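Before any questions on how it binds or moves, here is one chain, the form predicted alone, in structure tokens.
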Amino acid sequence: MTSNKKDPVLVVLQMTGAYDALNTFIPYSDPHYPDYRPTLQVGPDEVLAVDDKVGFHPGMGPIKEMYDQGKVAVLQGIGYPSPIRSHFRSLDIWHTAEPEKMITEGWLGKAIRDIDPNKENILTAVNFGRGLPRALAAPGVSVASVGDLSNYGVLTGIQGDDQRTEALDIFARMYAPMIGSGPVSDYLSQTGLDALKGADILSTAPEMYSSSVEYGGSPFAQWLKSIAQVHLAGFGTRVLYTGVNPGTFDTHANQNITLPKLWGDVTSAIGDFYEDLKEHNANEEVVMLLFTEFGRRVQENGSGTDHGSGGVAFVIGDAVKGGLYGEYPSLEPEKLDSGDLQWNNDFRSSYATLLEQWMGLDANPILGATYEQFDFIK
């Protein structure tokens, strides 16, 4: 898959809050578009057109440039059966690849278990941000979740492995009445030890890193810089995850002001990340998936858009066969889904494509079924 024969790496970028698909990848020539968006419409002269029908938001210049180079697959009309307009439930569905019932295992957690079944590398997966996304969670899978790589650590004020191991043991005994003993206690203890070891290893990444690329100051840009540092350090990490802070893209109001800035910040950071990889001859090893939990209403609410369905996602990288995948949902009033874009592209098809064609895994047991795949991986 890659000319330098290194293991393929997946970077997942979660745009929490649900960005407005209609003004992200814009059907600028559709006569219905300005009718639905009298205030929020992006004019044809502003759209970064890819053909005579659709184009990127003007704030997405770095992604458009990569699209022109054949490095961006646009996944149109992406969604899931029986759309739900709840941030929390919708994210659960994307994280677990299960829209019908509640489960706890994340799709990437299961993938990580397949990649490293014997737990030989405690840094097979790393998340940057608060908490651990459910997508990465699975029994027996340890994932490092980092807020700030420059001072990441567990019990960092205690010097020496013996002392920190003793502190963990004390911690485990304190909570034993609540968590019980046996397998649960052993798992938590092992997870704590893995976190210690992972923190020690990760803390060396910044000092090994040198780059001419200057990232922006947003948390997202800095997390992408940290992802670059971890990947370039050669820890064998195969899955890296980050995103914007919760609610960032939830543009119920002032969308014309906030969306250009958001896409400017996000896509500039992605462009910087790609240039950083390229500078280090690591650009062929990484594919990025950029997604959000659902689309937004077709009809604006005046200054913003409310929760809807039917979205757009992007797969980015040198190994990507750029272009348009799936059909853009119709804007004909009778073809909308209760006022929303009608999804026509099951998100699990994209997951299956990434798992099998990029990561080299069997997607069926991870996703629980077989899904038609795209050909967006070279």
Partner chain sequence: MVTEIAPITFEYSHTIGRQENRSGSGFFYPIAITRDEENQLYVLNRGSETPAFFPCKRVTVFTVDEELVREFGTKVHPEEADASAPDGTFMWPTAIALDKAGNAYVADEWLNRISVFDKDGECVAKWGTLGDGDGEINRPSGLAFDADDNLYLVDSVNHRVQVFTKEGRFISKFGRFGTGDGEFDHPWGIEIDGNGDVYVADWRNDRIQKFDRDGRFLMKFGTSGQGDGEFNRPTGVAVDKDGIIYVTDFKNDRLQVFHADGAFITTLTGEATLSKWGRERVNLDPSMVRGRERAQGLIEKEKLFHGPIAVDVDDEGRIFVVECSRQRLQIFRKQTANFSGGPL
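Numbering follows the first chain given and starts at 1. Please read these numbers as outputs of a predicted model, since none were measured by experiment.
In what follows, reference is made to the form predicted in complex with its partner chain, a form of this protein that is not presented.
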| query | finding |
| --- | --- |
| Triplet 85, 250 and 297 all within 4.5 Å of its partner chain in the predicted complex via a heavy atom | yes |
| Stretch in contact in the predicted complex with its partner chain, which is absent here, among 223 to 231, 242 to 250, 208 to 216, 285 to 293 (heavy atoms within 4.5 Å) | 242 to 250 |
| Selected contact from 114, 200, 306, 279, since only one has a non-hydrogen atom within 4.5 angstroms of its partner chain in the predicted complex | 306 |
| Answer option from 121, 256, 204, 301, heavy atom within 4.5 Å of its partner chain in the predicted complex | 301 |
